[in-house]
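Encoded as structure tokens, the following chain is the form predicted on its own, with no partner shown.
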Amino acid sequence: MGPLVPDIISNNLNFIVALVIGILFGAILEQAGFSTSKKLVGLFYGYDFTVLRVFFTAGIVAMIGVMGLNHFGLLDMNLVYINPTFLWSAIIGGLIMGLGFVVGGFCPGTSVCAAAIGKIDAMIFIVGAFFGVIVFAEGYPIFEPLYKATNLGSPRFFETLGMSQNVFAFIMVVMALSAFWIASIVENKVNKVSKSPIRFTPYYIGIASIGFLMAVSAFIFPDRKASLTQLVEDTNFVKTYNLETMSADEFAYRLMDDQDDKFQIIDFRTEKEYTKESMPKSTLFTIDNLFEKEPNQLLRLKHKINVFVADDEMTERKMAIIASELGYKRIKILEGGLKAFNDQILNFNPIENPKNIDEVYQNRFRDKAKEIIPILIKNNKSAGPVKKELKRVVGGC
């Protein structure tokens, strides 16, 4: 299962669900005819494009599904492993697999599906696949330089092309529908069928309608991080957004109150600044942490007041707006940021000749805070960056 947020099922139940999904996946492959080598290689000879239709459909449905889950905060993409791209090994491996597909009539997944229903040619194919795995494993020291040549990292296609994922998804859906249409023309020509590739029947109208809805839905699920980051670039919007604030005096009081367990500080400074001077009850956060599975659980603790701090109030406001738009509650910001807090509390200069009782109390409190808080900061054992124990999910076909 994917790294869903929040955890809908336990890790142990994940294995059972994975087993059920695997069985259903095999059953669907068999029902689609993927246990028959004649249907599989039909793609290469032009008489049957079932493989193209099934895998193209699976790809665009998965693409739109991932975008939707990520948009609604149900999927943490930071925990999804993307295979690194080694250019030359990908090209050579693709040629070898393509050749094996044509000659053997199966790919690794479909061969297991066919073998499960007793196809002897599929069993022989699997034996050959194991032999190939052994040869590669034993000869890995020889193949390693080629295998790791031209490492491109883990690029995403839409980023490489310099476009938004929504536009790229729309183009992919249009390409899929176009490929289905062209495939129908080729099939009819090879099989000498005189039917028109486009027929206004309920079946074709239904397929076209679903395809149109999927193409449009690509624009319904923008990337949450990109859209929210762009939202807070509007200075006027940030300044007028309604946020709860906490004064420097209240902040100082809560810092000194050892019994206050409802107060936690979310610090958005750099790690270097945080390490140099970290407040008690604080955790270092980044903007990425707001969108990640484990870190954001800290913001969901019941009865906790989350005070966002940074060097300046504008940064605090931006982070607090993003958190609020993501649905987090009990978010406050420190008035003026830590710079104002340092000026008003840590570097406080008493008011000479106080004119009223408020100024007298202010002098008294801030003098005390100026003395105690630096000691608390000095003795504080930094919590460091928010802890992330979960690793990227590795798997897939």
Partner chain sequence: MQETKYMNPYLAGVLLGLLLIATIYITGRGLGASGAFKSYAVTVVEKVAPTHTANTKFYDEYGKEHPGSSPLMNWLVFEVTGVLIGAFLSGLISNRLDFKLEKGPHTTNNIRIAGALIGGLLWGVGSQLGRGCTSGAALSGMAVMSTGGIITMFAIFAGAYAFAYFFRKFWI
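Numbering follows the first chain given and starts at 1. Keep in mind the model is a prediction, meaning the values are calculated, not measured.
Below: the form predicted in complex with the partner chain, not depicted.
- The partner is absent here, but in the predicted bound form a heavy atom of Leu146, alone among Ala226, Leu213, Ile185, Leu146, sits within 4.5 Å of the partner chain.
- Stretch-level contact analysis of 69-77, 246-254, 278-286, 260-268 against the partner chain in the predicted bound form, using heavy atoms and a 4.5 Å limit, identifies 69-77.
- Contact annotation for the candidate site: Phe86, Ile120 and Arg156 all lie close to the partner chain in the predicted bound form (heavy atom within 4.5 Å).
- The partner chain is not shown here, but in the predicted bound form it comes within 4.5 Å of a heavy atom of Glu138.
- In the predicted bound form, the partner chain sits beyond 4.5 Å of every heavy atom of Lys329.
- The shortest heavy atom separation between Lys38 and the partner chain in the predicted bound form is within 4.5 Å.
- Taking non-hydrogen atoms only, Pro295 never approaches the partner chain to within 4.5 angstroms in the predicted bound form.
- Shown without its partner, the chain has Ile92, Gly93, Gly94, Leu95, Ile96, Met97, Gly98, Leu99, Gly100, Phe101, Val102, Val103, Gly104, Gly105, Phe106, Cys107, Pro108, Gly109, Ser111, Val112, Cys113, Ala116, Ile117, Gly118, Lys119, Ile120, Asp121, Met123, Ile124, Phe125 in segment 92-125 as residues with a non-hydrogen atom within 4.5 angstroms of the partner chain in the predicted bound form.
- The gap between the Cα atoms of Ile64 and Tyr204 is smaller in the predicted bound form, by no less than 3 Å, than in this form.
- Put simply, Ile182 and Ala208 spread apart in the predicted bound form: their C-alpha atoms are 3 Å or more farther than in the form shown.
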